[in-house]
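As structure tokens, one chain now follows by itself in the form predicted alone.
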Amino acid sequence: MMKKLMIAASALMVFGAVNVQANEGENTYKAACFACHGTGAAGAPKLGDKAAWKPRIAQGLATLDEHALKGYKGKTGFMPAKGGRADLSDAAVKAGVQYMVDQSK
């Protein structure tokens, strides 16, 4: 009985952590990323635009995270470091990137 309770508690902790991260990503997107990734401003790929995101996603999450954290100037647009929001933690930015990738596959 105790073993089953421990397994159930562990599962809740894992799923709870995943849900918190997903919510953090969506919240970061709404608070910071939407200005460009919701409108296409500065050449940003719009959330959910699979064709625009496909070559970016192919570069890998580590590259996307680096571009989002440090900034990036590409052929079609510009990504300011942390979307111009220096107050965001690296973890929040990464969660925002993951959220956009998940919504754009």
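So that there is no doubt, residue numbering starts at 1 and follows the sequence shown. Owing to the predicted nature of the structure, the values given are computational and were not obtained by experimental measurement.
Heads up, the form predicted in complex with heme C isn't pictured, but that's what we're talking about next.
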**Request:** May I ask you to check whether Gly77 falls inside a 4.5 Å heavy atom distance of heme C in the predicted complex?
**Result:** yes
**Prompt:** Does at least one non-hydrogen atom of Gly43 fall within 4.5 angstroms of heme C in the predicted complex?
**Reply:** yes
**Request:** Report yes if any heavy atom of Leu47 sits within 4.5 Å of a heavy atom of heme C in the predicted complex; otherwise report no.
**Result:** no
**Asked** Does heme C come within 4.5 Å of any heavy atom of Lys54 in the predicted complex?
**Response** no
**Request:** Sequence order please: the residues of 45-69 with a heavy atom within 4.5 Å of heme C in the predicted complex.
**Result:** Pro45, Trp53, Arg56, Gln59, Leu64, His67, Ala68
